[in-house]
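What follows is a single chain, given as structure tokens, in the form predicted on its own.
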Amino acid sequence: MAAHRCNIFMLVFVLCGLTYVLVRAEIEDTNHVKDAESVAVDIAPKANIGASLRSTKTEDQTQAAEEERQWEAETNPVDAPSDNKADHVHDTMQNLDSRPAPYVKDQTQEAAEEERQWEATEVKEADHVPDTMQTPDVPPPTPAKDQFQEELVIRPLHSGDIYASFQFRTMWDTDFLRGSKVSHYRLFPKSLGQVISKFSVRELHISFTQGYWRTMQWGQPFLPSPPGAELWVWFQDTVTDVDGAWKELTNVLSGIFCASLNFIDSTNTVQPSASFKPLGLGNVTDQRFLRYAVLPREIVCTENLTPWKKLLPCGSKAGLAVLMKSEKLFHSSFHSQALHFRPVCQDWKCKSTVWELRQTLNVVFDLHTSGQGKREWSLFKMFSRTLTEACPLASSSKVYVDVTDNPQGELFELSPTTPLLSQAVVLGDRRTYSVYDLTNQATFGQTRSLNMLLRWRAAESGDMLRPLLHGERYVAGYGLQTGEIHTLMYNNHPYRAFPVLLLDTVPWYLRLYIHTLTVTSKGRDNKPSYIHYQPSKDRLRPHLLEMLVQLPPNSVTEVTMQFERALLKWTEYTPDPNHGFYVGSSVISALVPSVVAMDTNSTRECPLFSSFFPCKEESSYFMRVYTEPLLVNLPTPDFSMPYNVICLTCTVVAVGYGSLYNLLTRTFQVEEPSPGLAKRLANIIRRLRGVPLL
């Protein structure tokens, strides 16, 4: 009974507590409503106050409405002309605001409000400021200057493959360099903004690439990147400990992108003296604030793509990012995702600076590996999805299809057709594109879905392309003691020679013989005009070699250098040492002669894929080329021998010591032999009879 009474008391106590909470919440809601009504009454216009006073004094509502309209007509005469346009606009806005709002909204207004739900809160509040609060002395609040643009470029290749390039650009209008703390992030990702402001980063360039770009078959990409992971950063000149900031930054970026960037240390980090100049504003020449590293063995997977997509304002829920399906992107011949952060000009006068975050994703779909029998492509076949809408936060959302080589439609057929055409100078050549504007609802048609179809008509072309600048790299020699690195640079221009800057980064366990360095062009020695070499230190830093070489027209320049393989400690080998050790790609930078005049105005509105590298001259454009990474075998001990030794030792110990221990610790006892069957039967009978046993 006592237990039942206790349960009843507890139940009554709980019910009383719930009743008290509900009554208290109801009282607070009532107080909030009263406060809101009092605030609304206080900020109401004078006309509404006069109308409410007259409505309280009169009992007839029709008569009060008539008096209110007469009073408004007297205070705001329509026939009085105004010479000031600002006063006229202000009076017109007051007349529009003084009209009573309808009680029931039509469907058009509801749809408009649903479309405006993605707008910023600052703009929304500015639109609802009462006219009595607006004075000529106080200017209206300026709209947010952050912008977001997205583009997709589709280029049919001569080999029958399809090259798709995604471009996302976010403009961040803030100034965190002067020590001001940034607390509001509208479109720019907060996780990345906090890292950049904490480590005082001026430029950040990172890429994750799976596969190698086949220049002789596909031509030049819009944004080149080497296989694996590449990271190069320019720090502010206020950073005192650059190496410490670099180490912390790589660890933080490793966590953001779920990559192995934490393996970047002093053994694979270099400080170039001439390569990798800033791509943004600021003529920074102090190379102490530059760090460059590459991990050629980094594997790109879905875990790297997911955090990359989360940095977009709309994520992968709307816009062009809905096409990024992991199982389709990674089932391709080439896949590369990159992120670039730099300062750029806000307008053509360049009086103010904004920060640009550009996210790019390049993918090449192979006709044969995709398992398609027909030579036709569509958005659904490439990405298993179609486009239904643009990102609501994007000021521009377009899809470009390269139709330069298909002026009359004899090479391929593109559907649905679009009347919008655009021309842009890309990599020194003028290209023509069909443009699909996703911000225009007419682009999606009646089905409200865009699925572009590209059907080839001509046969597949097996001819190799001849890009103006191309590079190759391989290892020669035999045995596991010495070898030779060969780097080939092709200049396919028929009559123009131009200089190139070659950057080579070689690990410390390949000991270079710098006195064997040779540079030949057309069978003759080609003396570099600039050489910067930093020797390696065992287990501390790699080799760094930079050269400025003049490439003759229509020639192949070969750079060779011998090396010796080092013998590592047994703890320094990878889990699969017989696979080999990777050496990063060589980097070739050059100003290549252009066929058409280049646009030097970087602030002019143009497609994103044609405005990444800054252009200072109309007669040339900047190009960066990466060679293949090297796979080098090192002297590898027989790691199975320790296993054999351990097994043999354990066997000897088990047999020898085990037998001796058995003999020393075992106790021996004498046991009598067991009696025969006849004797046992006789004992059983004698036991039954009570006779003593035998």
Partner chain sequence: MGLLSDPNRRRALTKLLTRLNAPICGMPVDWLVKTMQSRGLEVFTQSFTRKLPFPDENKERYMVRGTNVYGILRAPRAPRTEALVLSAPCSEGNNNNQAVGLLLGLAQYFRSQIHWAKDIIFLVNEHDLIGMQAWLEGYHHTNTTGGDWSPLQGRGGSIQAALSLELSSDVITSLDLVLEGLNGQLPNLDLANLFYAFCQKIGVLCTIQGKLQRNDWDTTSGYSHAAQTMMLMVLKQASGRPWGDHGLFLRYHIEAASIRGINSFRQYKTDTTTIGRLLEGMYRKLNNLLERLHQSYFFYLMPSLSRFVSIGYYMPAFGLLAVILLLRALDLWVQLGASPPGTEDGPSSPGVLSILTPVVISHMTGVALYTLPILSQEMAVQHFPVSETEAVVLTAIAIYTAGLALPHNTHRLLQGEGTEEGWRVLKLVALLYLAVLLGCTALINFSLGFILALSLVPIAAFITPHTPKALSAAIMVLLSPGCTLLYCVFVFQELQETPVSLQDGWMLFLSVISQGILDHALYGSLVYPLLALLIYPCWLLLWNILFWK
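Owing to the predicted nature of the structure, the values given are computational and were not obtained by experimental measurement. Positions refer to the first chain, counted from 1. What we label the rigid core is the largest C-alpha set whose atoms superpose within 1.5 Å from one form to the other.
Absent from the display: the form predicted in complex with the partner chain. The rest refers to it.
Undergrad: Among the candidate residues Tyr185, Trp232, Tyr212, Phe498, which is the single one with a non-hydrogen atom no more than 4.5 Å from the partner chain in the model of the complex?
TA: For this set of options, the contacting one is Tyr212.
Undergrad: Name the residue from Trp508, Phe383, Tyr582, Trp456 that puts a heavy atom within 4.5 Å of the partner chain in the model of the complex.
TA: Contact with the partner chain in the model of the complex is made by Tyr582 alone.
Undergrad: Contact with the partner chain in the model of the complex for Pro542, defined as at least one heavy atom pair within 4.5 Å: yes or no?
TA: Result no; Pro542 lies far from the partner chain in the model of the complex.
Undergrad: Can Pro227 be called a contact residue for the partner chain in the model of the complex at 4.5 Å between heavy atoms?
TA: Heavy-atom contact with the partner chain at 4.5 Å: present for Pro227.
Undergrad: Using 4.5 Å between non-hydrogen atoms, is Lys198 touching the partner chain in the model of the complex?
TA: Although the partner chain is absent here, Lys198 would stay clear of it in the model of the complex, with no heavy atoms inside 4.5 Å.
Undergrad: At the 4.5 Å heavy atom threshold, is His340 in contact with the partner chain in the model of the complex?
TA: It does not: once the partner chain is placed as it appears in the model of the complex, His340 has no heavy atom within 4.5 Å of it.
Undergrad: Looking at 351 to 359, 310 to 318, 248 to 256, 570 to 578, which one sits within 4.5 Å of the partner chain in the model of the complex if you count heavy atoms only?
TA: Single hit among the candidates: 570 to 578.
Undergrad: Taking Tyr163, Glu303 and Trp377 as the candidate spot, are all three within 4.5 angstroms of the partner chain in the model of the complex by heavy atoms?
TA: No, the candidate spot makes no contact with the partner chain.
Undergrad: Going by heavy atoms, what in 528 to 564 lies within 4.5 angstroms of the partner chain in the model of the complex?
TA: Residue within 4.5 Å: Glu558 only.
Undergrad: With both forms fit on the core, is the shift of the CA atom of Pro637 between the shown form and the other one 2 Å or larger?
TA: Moves: no, less than 2 Å.
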